[in-house]
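Single chain ahead, by itself, as structure tokens, in the form predicted on its own.
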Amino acid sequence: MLGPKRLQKELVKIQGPLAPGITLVSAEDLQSWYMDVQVMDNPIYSNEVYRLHFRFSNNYPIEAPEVVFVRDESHPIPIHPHIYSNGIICLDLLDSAGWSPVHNVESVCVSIQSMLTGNTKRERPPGDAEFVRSNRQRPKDINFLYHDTTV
């Protein structure tokens, strides 16, 4: 079982200096971690801090973690064409076809931060309300079509 050993190494690393705007909030066990992400260079997201919830299977890092934005009183869900209002993120990196074991928690955070930094559209994905109302699948079980590479 590679997962726990790899996560222990990652946890030691992310308790030190991280990329600007990325902070470890909690990692009470090796199954569920919370990270905060700030976007430094996009006025759409200025003065906001977003919280990510990582869930790891025993097959991590062979299998991608499940990563979603979570909303609470001080952390909104970012408005972005690839982020649903329930926090589910449409990002090929989080899909089995786009995932590689060379990625880690920090690189996922940096990728999401970069996706937000490059965004110019303050809008939700098409069909957001219907998706949020009807979806019963876990994020990692959703087969997104990755057709929009401009955001």
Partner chain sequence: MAHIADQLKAEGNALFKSGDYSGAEAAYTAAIARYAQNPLLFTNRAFARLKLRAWDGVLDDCLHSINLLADNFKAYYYLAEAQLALNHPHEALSSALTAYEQVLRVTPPSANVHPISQLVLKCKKAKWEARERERARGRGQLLAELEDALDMLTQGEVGQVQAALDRGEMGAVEAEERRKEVLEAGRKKLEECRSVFAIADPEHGERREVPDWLVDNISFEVMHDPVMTKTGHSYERSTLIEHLKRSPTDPLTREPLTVNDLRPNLALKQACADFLENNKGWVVDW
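All of these numbers come straight from a predicted model, not from anything done at the bench. Residue numbers count along the first chain shown, from 1.
Here the subject shifts to the form predicted in complex with the partner chain, a form of this protein not shown in this document.
In terms of contact with the partner chain in the predicted complex, the residue from A27, L93, V68, M115 that brings a heavy atom within 4.5 Å is L93. Put simply, H103 is close to the partner chain in the predicted complex: some heavy atom of it is within 4.5 Å. Taking the partner from the other structure, the partner chain in the predicted complex has a heavy atom within 4.5 Å of a heavy atom of P61. Although the partner is absent here, Y45 lies well away from the partner chain in the predicted complex, with no heavy atom inside 4.5 Å.
In the predicted complex, the partner chain lies farther than 4.5 Å from every heavy atom of F54.
Contact with the partner chain in the predicted complex, defined as any heavy atom within 4.5 Å, is confined among 94 to 102, 121 to 129, 79 to 87, 34 to 42 to 94 to 102.
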